[in-house]
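Listed next as structure tokens: two forms of one protein chain, kept apart as structure 1 and structure 2.
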Structure 1
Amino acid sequence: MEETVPDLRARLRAGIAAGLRTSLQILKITLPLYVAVDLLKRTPVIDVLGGIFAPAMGLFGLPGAAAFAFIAAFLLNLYAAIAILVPLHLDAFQVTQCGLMMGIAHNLVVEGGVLRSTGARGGFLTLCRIGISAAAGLALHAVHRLAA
């Protein structure tokens, strides 16, 4: 039997409903994280913890507080990381640096599990993604310093 294609109105309705559900899911993650980081910025917590991470993040030309966004990207997803990055008011290079590194290594827990379920060495490939992300970040930082 041949399936009929729904009319334009039904397709639009289904697409809009799916888009709204996805937007709501993203908002459930990003809004609370954004508010939390914005509130924490008004306390010494971000500065203290950022100071702990500053030496490692400095290797990539990033402030220590950006480490929180990397933790969110590694463990959750890019939307969570963006919610943490926005209130940090990073410059253009720093946002690009985060985008490059997080684009390579994000959602590691879920994607590592998916890789494992396919028979691949999920743990090894996760470490490779982190290593490649760090190497790309170091390379971009070096290029940025040369251009400055």
Structure 2
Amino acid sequence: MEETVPDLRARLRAGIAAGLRTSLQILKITLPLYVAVDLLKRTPVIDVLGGIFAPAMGLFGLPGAAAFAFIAAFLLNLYAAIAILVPLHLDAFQVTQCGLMMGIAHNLVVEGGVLRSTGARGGFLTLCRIGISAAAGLALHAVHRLAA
């Protein structure tokens, strides 16, 4: 476990460098996705495809088009999901709902692999995440409807 601790300057530099590297990755994902969704919104594509998912998304109080953000969250990461969500102009509850559900279940391929490498049951845990995410979403929607 022992590793040499670099001095403060080196850590600061390493931290900023890591932050910028992460930012670049985020830019590469969010820019094209946001632009694509914002432009597609001017066509019927989003509405028609979103309509397919509307019944399922409705269970959580979300519009059908939010399904695209869920697909992006599951396969890629939360930044991809956010790039799709923002042009959809959801209300505060819907953003919270997405944040809760996607916070629990996202980046499933990569993170499932990491969990497996620790020796835990990665595949089963990934199924648990999707289940827990859905349960949390149903519960929050129920509470929101009662409060409204």
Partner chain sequence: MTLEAVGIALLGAMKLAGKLVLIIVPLVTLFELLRHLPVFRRVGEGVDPLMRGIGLTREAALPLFTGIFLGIAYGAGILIRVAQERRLPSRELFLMGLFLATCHAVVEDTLIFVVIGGNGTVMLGVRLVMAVCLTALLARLWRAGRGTPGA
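What we label the rigid core is the largest C-alpha set whose atoms superpose within 1.5 Å from one form to the other. When a residue number appears, read it as a position in the sequence of structure 1, where counting begins at 1. Being a predicted model, the structure only gives us computed values, none of them experimental.
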Item checked: Pair member which, unlike the other, is the form predicted together with its partner chain -> 2
Next item on the list: Please say whether, between the two structures, the C-alpha of G131 moves by 2 Å or more once the core is aligned.
Entry: no
Item checked: Per-residue C-alpha deviation between the two structures [G15; rigid core superposition; Å] -> 4.4
